[in-house]
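Okay, so here's just one chain, in structure tokens, the form predicted on its own.
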């Protein structure tokens, strides 16, 4: 058994956790990060790869706006190409009611500094003539885009390691407690003592919070994803729809990535699997939007395990029961874009006891009296 003593222990190895390890090392603190499998291989690495501000809960927009500033320089910071491209994110309306929702959201988002461009059918088809007849309008966020989710989390982990963080993979945490003088974290093959503990355990964040007497009703969420063979470039924007039942983008290499609906998730073994019928349904909805993809060959489908909160926004902030414990989990299917800035926010909470970003909507205390029901109808487009 290896024994480590550090300033900060982090449970979880997703993008937010690894970005926090980087920021904490940059602040001069010693860090040990414990990940049950491989860093960036969970929800951070299996999602759609959308880097979007548009369509978020308004409470998330201040964080999302701050996060967007980081993405332009992320490849340089990490010394690795994360594939970020500001292709714009376009959200399509398939009815007049959908368009009314886009118009209302654009008005609300403007109050947070997010400028969305509403497009009618003529303007939309002038730019994207390959769209199918079901589309009646859209909202464009021109500064949004996409990146490679399989790269970002591991790249943060590698940078954290270069900066001197102790990164332990294949080290599932069995238990953590506060003994009055600090935190004791027991993981497979390693025990850690620390002054501060960061709970970034994803779908297991609620279980970790429970060790400290805090209610956090996290449900497993499994996005159902599909990718095609490389194709001639056609899809110029990252695409979503009102309702979130399908989302589509095309990579630099030409592969079309699409998703919609949910796979199956087993939070006990930590695995998730795609569902064939769900993949076929997402494919049919994609063809209604982009008929020219009818002859594309699907080469792979997959899923992964994320954590979903009843109100579809994450828990971010200090513990209500245990000084020195900080939470960041339950991103509910749309945490990829936020990951880098959540890492910064966690470092601010650890080093300063507060953050420059407004975190009140994300406090864990909002679930102290929660008794249900659990909603599972939120959009899961990353």
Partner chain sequence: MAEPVVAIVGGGPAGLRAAQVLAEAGLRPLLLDEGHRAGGQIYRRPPAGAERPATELYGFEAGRARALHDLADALAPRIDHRPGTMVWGIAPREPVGFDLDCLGPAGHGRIPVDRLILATGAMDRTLPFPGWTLPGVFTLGAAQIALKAQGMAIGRRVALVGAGPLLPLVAHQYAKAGATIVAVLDVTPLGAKVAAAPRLAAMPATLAKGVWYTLRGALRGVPVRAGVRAVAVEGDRQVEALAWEDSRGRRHRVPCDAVGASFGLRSEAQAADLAGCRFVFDPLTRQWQPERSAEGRSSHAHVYLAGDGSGIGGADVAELQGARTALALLADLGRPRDAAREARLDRRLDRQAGFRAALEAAYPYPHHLVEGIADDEIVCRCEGITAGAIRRTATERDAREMNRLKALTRTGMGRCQGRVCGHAAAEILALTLTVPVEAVGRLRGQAPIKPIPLREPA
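As the structure is a computational prediction, the values presented were derived from the model and not from experiment. Residue numbers count along the first chain shown, from 1.
Omitted from view is the form predicted together with the partner chain, to which the following refers.
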property	result
Heavy atom contact within 4.5 Å of the partner chain in the model of the complex, the stretch among 97-105, 192-200, 135-143, 268-276	268-276
126, 260 and 262 each touching the partner chain in the model of the complex (heavy atom, 4.5 Å)	no
Partner proximity in the model of the complex: residue 186 to the partner chain, non-hydrogen atom cutoff 4.5 Å	no
Contact of residue 80 with the partner chain in the model of the complex (heavy atom, 4.5 Å)	yes
4.5 Å heavy atom contact, residue 310 and the partner chain in the model of the complex	no
Partner contact for residue 41 in the model of the complex: the partner chain, 4.5 angstroms, heavy atom	yes
Contact residue in the model of the complex, from 296, 118, 207, 86 (heavy atom within 4.5 Å of the partner chain)	296
In the model of the complex, residues of 135-166 near the partner chain [heavy atom within 4.5 Å]	150, 151, 154, 158, 161
